[in-house]
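Only one chain is shown below, in structure tokens, and it's the form predicted on its own.
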């Protein structure tokens, strides 16, 4: 990925997309997939996980990624707002169902994955606890930054696994119903944003093999440890693999 710095990107025209560099950060990858699947061009902008990102903060008002900035429009950071932008810029292929009930189900399940308090938000409580208790001094600055960002506490970490299991069970039930209806997708008979979101976020529980996902091995182990705690159903990863094979360029580049 050929990143521009925030200072290089802020005065450029068009779509700029701040992304976490160096690892398959789930929110960043999901945002990328929404634009990539529609072949919408964007300028990747450097964001470093766990760092102050002062130049990005000065430009956009946000330290984290993703941040989508189109021309002079306000920066967008919420996954649903970024999806709306992608749908507006290029309506096809549609990532939001036309049918009202399908649309409500898609947004509800997607928010269970990537909304505040959702699947990966909960998983971060466990990961932050592991980092803080690791005794590895190099991990402590990032761990403290993330602890503040995710309102980490020991109590939150203790409750996180049960909440993650609830969400994964709901996703599994949805795929089982879809399988009975002879569909390969979470919603209806075609790909939606939910399929792309799960493809991205699934790597935080069971990363793709390193030849397809050349991520840092320490982070890979941390992600896999989170998955081992909740033991997601295999149908979730069978679905993930199908979406990557059919729609997303591999190996991942971050």
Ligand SMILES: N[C@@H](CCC(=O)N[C@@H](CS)C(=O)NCC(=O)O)C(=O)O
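Residue numbers count along the first chain shown, from 1. For clarity, every value in this text was computed on a predicted model and none was experimentally measured.
Keep in mind that the form predicted in complex with the named molecule is not shown, yet the notes after this line are about it.
Asks: Among 199, 191, 65, 208, which has any heavy atom within 4.5 Å of the named molecule in the predicted bound form?
Replies: So the residue touching the named molecule in the predicted bound form, by this definition, is 65.
Asks: Counting any non-hydrogen atom inside 4.5 Å, which residue from 140, 178, 166, 78 sits next to the named molecule in the predicted bound form?
Replies: So the residue touching the named molecule in the predicted bound form, by this definition, is 78.
Asks: For the chain shown here without its partner, which stretch in 212-220, 35-43, 191-199, 22-30 has non-hydrogen atoms within 4.5 angstroms of the named molecule in the predicted bound form?
Replies: Looking at the partner contacts, the answer comes out as 22-30.
Asks: Is there any non-hydrogen atom of residue 224 lying within 4.5 Å of the named molecule in the predicted bound form?
Replies: Contact with the named molecule, no.
Asks: Would you check, heavy atoms only and a 4.5 Å threshold, whether residue 47 touches the named molecule in the predicted bound form?
Replies: Residue-level check for residue 47: yes, a contact with the named molecule.
Asks: Since only the chain is shown here, I'm wondering whether residue 146 would be in contact with the named molecule in the predicted bound form (any heavy atom pair within 4.5 Å).
Replies: Within the cut-off, so yes.
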